[in-house]
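Shown below, as structure tokens, is a lone chain in the form predicted on its own; questions about how it binds or moves come after it.
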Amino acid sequence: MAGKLSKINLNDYKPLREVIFNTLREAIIVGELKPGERLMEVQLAEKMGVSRTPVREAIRMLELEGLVNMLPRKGAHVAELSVKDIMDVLEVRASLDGLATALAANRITEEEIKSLKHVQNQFANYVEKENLQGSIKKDVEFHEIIYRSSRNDKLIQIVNNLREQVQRFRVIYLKDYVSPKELIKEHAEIVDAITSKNASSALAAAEKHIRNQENAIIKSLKTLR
């Protein structure tokens, strides 16, 4: 996986603080900056070719998002992923995905079904080729099509509020701790339920998909510790 932390493009049209914030957030989400790792302002600033001030400001913004913890006398550290954090977020995600998928089964258009199947196939190809970045991108697209197909703006808004936390879990799950065949099968079950307009089966398939993700991530973290 290519490193996210490199020289910042100073010609970027966005404010420097925002560029650094997005760069550090992405590095945390994809695991380049690991849970518990100390964030040294001087080292990060040198690596990105900027001054310490915007790095310090970006770290404070990351703290507000819950991705960084400020520890007394120890400075800033990447927030740890506790089992409770995972359970809390994915319990909510399972319910939201179940509802979104059930609604999509009743409201999805034929054009959206075509898009969903296309992304499903792309995802399967990336997973089988062990292409992590491609798998992550297509997994996000797969679920976003389902959310849009629910035609429920409030539901989509709530899901978006969990986006960064869910993305950290998604990277862990796809990177090291998943059976490719099982994951592809779970996506296929979701697609089959949606295309057959079976809302109850769609809900069950989506919840099963997230529960399996939760169990796999918790198991892996316990093993590592």
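Please read these numbers as outputs of a predicted model, since none were measured by experiment. The first residue of the sequence shown is number 1, and the count goes up from there. Superpose the two forms; the largest set of C-alphas matching within 1.5 Å is the rigid core.
As for the form predicted in complex with the DNA, it is not shown, yet the points below apply to it.
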Heavy atom within 4.5 Å of the DNA in the predicted complex - the one residue of Asn161, Ser51, Ser179, Ser196 that qualifies: Ser51
Sole residue of Lys84, His118, Lys129, Lys74 within 4.5 Å of the DNA in the predicted complex, by heavy atom: Lys74
Answer range among 54 to 62, 164 to 172, 188 to 196, 24 to 32 for contact with the DNA, defined in the predicted complex as heavy atoms within 4.5 Å: 54 to 62
Non-hydrogen atom contact Leu16 with the DNA in the predicted complex at 4.5 angstroms: yes
Partner contact for Leu39 in the predicted complex: the DNA, 4.5 angstroms, heavy atom: yes
Core fit, then Ala188 C-alpha moves 2 Å or more between this form and the one not shown: no
After fitting the core, Asn69 CA displacement of 2 Å or more between this form and the one not shown: yes
Yes/no, Ala205 Cα shift of 2 Å or more between this form and the one not shown with rigid core fixed: no
Cα distance between Ile156 and Asn69, which in the predicted complex differs by 3 Å or more from this form, closer or farther: closer
